[in-house]
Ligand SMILES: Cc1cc2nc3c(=O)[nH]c(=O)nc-3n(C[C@H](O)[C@H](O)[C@H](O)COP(=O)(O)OP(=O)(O)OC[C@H]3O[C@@H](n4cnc5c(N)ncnc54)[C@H](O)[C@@H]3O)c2cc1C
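The chain below stands alone, shown as structure tokens; this is the form predicted on its own.
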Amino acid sequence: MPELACRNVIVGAGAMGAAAARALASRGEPVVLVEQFAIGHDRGSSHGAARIIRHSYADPVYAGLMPAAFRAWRELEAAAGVSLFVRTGGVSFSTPDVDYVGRVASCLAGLEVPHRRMTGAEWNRTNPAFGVRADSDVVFEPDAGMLAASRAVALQVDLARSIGGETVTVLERTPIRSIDLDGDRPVVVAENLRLRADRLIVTAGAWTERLFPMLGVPLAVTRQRVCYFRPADPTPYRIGRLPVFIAMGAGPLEAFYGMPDLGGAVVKAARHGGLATNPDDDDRAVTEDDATIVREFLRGCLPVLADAPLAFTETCLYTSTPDERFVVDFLPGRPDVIVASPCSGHGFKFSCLIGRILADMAIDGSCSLRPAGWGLAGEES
């Protein structure tokens, strides 16, 4: 089996791997980007038309990163000469017994991000498509919106190739069997190829624990089942009328989100989280029971949509730590191996910034933007 010596190898070409490849290429680094499926595949976590981007976080660590994340996306748009961000505004809800919106509003105030806090009754009067509980706690952020997800991933792979030329290699449909760490350099083992890397970055999403079974951080893989509803009158649900929305309940399965469609005819809605799954199972089924769960949420949020026809469905994978924090760290004892699982169902908005962080870590050994809590032990070792 041939073995190739490589400067930088990235395993996984989803949002994080694609961003890291572009960031490394932009710094003049040669890159081999390896993907087990085709670039832009729909088996993982980075596909689909759009993802939410917002400053509205209840956790000050992630809220504090969002100005840099927005800036990273603007810099990508400028470099590529295309637009990926659509401003829709974003609204967050919680019932009075859930301390969520209050923490979001506190973070927004600390960042000096414009926002308005109000009751559910006030929100419904302003936005008659909604029908949330009158005593709901609500905060609106006008600068939130959506990112063109699949387009962003493909664009960053294309940019890495165009920037790096012959120094950037993209290997599609190349499943990784193992990672050999017995030598002085990591070796990525595929079926008919071995890649000996000076630096290895693993952004394998739901397959991370397969490659590093002794990682030390439990990564739960769940399948997200997403519904797209087609209202009879799409006008109140188009971009410019309908903001992206997040509703937080008291329990772990009482969080929901949604957004208008880039095409303007349907509305995306889903529950945040799902049942454990095997990432190798190509299970795309969204059952009527799955749709009913989302419809019941919509009945208390956007009531007309609750009975709208289901236009189509899709699935994607979450790879989550127990507290939904990100993991971006060097493998213990291996300054040449970085494991990146900045996911937990809320990572895409950070992916452009994560690419820069991974490039800085690989080249410089650290990055000031990376929070200490992203270590494999939950803190810097």
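One-based numbering along the sequence shown. Quantities reported herein were computed from a predicted structural model and do not represent experimental measurements.
Beyond the structure shown, there is the form predicted together with the ligand, which is absent from this document and is the topic of what follows.
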{"item": "Listed residue that, although the ligand is not shown, lies within 4.5 Å of it in the predicted complex (heavy atoms), from Pro142, Gly264, Gly110, Pro175", "value": "Pro175"}
{"item": "Heavy atom within 4.5 Å of the ligand in the predicted complex - residue from Tyr100, Phe212, Tyr257, Trp123", "value": "Tyr257"}
{"item": "The ligand in the predicted complex: contacting segment from 298-306, 81-89, 126-134, 222-230, heavy atom within 4.5 Å", "value": "222-230"}
{"item": "Contact flag, Cys343 vs the ligand in the predicted complex, heavy atom cut 4.5 Å", "value": "yes"}
{"item": "The ligand contact at Arg356 in the predicted complex, heavy atom, 4.5 Å", "value": "no"}
{"item": "Contact test in the predicted complex: Gln36 vs the ligand, heavy atoms, 4.5 Å", "value": "yes"}
{"item": "Non-hydrogen atom contact Val32 with the ligand in the predicted complex at 4.5 angstroms", "value": "no"}
{"item": "Sequence-ordered list of residues in 42-61 near the ligand in the predicted complex, where near means a heavy atom within 4.5 Å", "value": "Gly44, Ser45, Ser46, Arg51, Ile52"}
